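Just one chain is shown here, as structure tokens, and it is the form predicted alone.
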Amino acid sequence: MNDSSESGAEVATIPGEIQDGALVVDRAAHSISRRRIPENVLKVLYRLHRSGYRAYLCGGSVRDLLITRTPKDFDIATDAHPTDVRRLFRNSRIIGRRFRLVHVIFQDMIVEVSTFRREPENRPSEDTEDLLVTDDNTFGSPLQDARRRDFTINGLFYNIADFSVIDYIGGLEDIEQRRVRVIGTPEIRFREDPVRMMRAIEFASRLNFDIEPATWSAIVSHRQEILKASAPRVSEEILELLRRGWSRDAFRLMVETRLLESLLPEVYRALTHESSAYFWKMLEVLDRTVQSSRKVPDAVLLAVLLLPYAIDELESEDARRQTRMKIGEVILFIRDLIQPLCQRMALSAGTRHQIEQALETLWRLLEPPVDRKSQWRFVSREHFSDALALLELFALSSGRHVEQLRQWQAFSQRVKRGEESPGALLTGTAPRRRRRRK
């Protein structure tokens, strides 16, 4: 479990004044500077303000600016209705049905503007079995808007009128204490939107925060609720955990809370075996790769997650047969393993095919063809680069097949430079160059 102190500290420890039920911290007492807010975002904030509307920077951008991180995006909340915002900005459009927003479109970015909202009037009773929210277009006040957000650290506002930070829900205190805490009753909020459980894990791993005890307990108790969430949305959240450079900590929390067991029990069982210790090193290598701004395809990311399960099952099958499977049998076996998981995750046929090809080609790399032309053609295959990236992650983390990795890397580089012809051997040495004719 993620240890954390109880959230008993008073928000008054943060310098500021209580106004209309909120802690208001003036410009001199916080670290947000307009120099770190993009010009286009400031344009939207100022135009809303000068037109007589409240204009607040909101959500994760305020949190990140306070802890001196670079926000991924900048969202704005206002008391202007979507049609009012649309009228103010020619370069905008209204989107969404369940949650109507306005996108103000600039050449290099899109600024999202939402109207303050409150809980829907027809919200189900807490005793109702299904609390999933399907309608969220009931407009409200800043206080109501803050209370309906997911986590306290995401419920802060930055007021462009006086450059103050407004805190209705104790988010500043939780940032100071480095903890992730649900706004309201965790059990209810997770039943309303089960993906919030994954987002709690994302924020804890991304920010190196703790998940406070009540929120943690609710994730463990209600982890099966995640099965009610949209499969494509859950799969996108899994990919986000792998893409951003904090996957090792995130998946440790997914295993500790057993949330991964609810989603992918086969993968969960594989990751809890001692034989899969290399997987955590693999995620560590992956995180360093991603943080170095090197692009890793989604198919490779998902193949990394599924690899321990595939290896465990292949080794079990080899033991059952008391002989090692041939490469053709391995390929068919992998397809039968991967297809049910991909269907459950609602992955597209194209993505499923890429994952299968990456894993299948990985096994082919471990048993390189001896025919000279086949080696050259193999490097030219569409999925070779994905399989080589997967082999690199696996070899660097497990210490296995390092020599095959070096040989394939060297050979593929020579092919790219045109130094290898279809008749070249797969060796670690460069081919002899032809003498120039006089």
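Note that the coordinates shown come from a computational prediction; the quantities given were computed from them, not determined experimentally. Sequential numbering from 1, following the sequence displayed.
This next part talks about the form predicted together with adenosine-5'-triphosphate, which is not shown.
Contact with adenosine-5'-triphosphate in the model of the complex holds for all three of 148, 154 and 193, each having a heavy atom within 4.5 Å. Comment: adenosine-5'-triphosphate is not present in this chain, but in the model of the complex one of 206, 100, 118, 281 has a heavy atom within 4.5 Å of it, namely 206. Contact with adenosine-5'-triphosphate in the model of the complex, judged by any heavy atom within 4.5 Å, is made by just one of 315, 367, 73, 162: 73. Using a 4.5 angstroms limit between non-hydrogen atoms, residue 392 is distant from adenosine-5'-triphosphate in the model of the complex. Heavy atoms of residue 353 never reach within 4.5 Å of adenosine-5'-triphosphate in the model of the complex, leaving it off the interface. Of the heavy atoms in residue 344, none are within 4.5 Å of adenosine-5'-triphosphate in the model of the complex.
Within this chain, residue 60 lines the site of adenosine-5'-triphosphate in the model of the complex, having a heavy atom no more than 4.5 Å away. Annotated contact segment (heavy atom within 4.5 Å of adenosine-5'-triphosphate in the model of the complex): 62-70, selected among 24-32, 383-391, 38-46, 62-70. Taking adenosine-5'-triphosphate as positioned in the model of the complex, the only residue of 237-271 that brings a heavy atom within 4.5 Å of it is 244.
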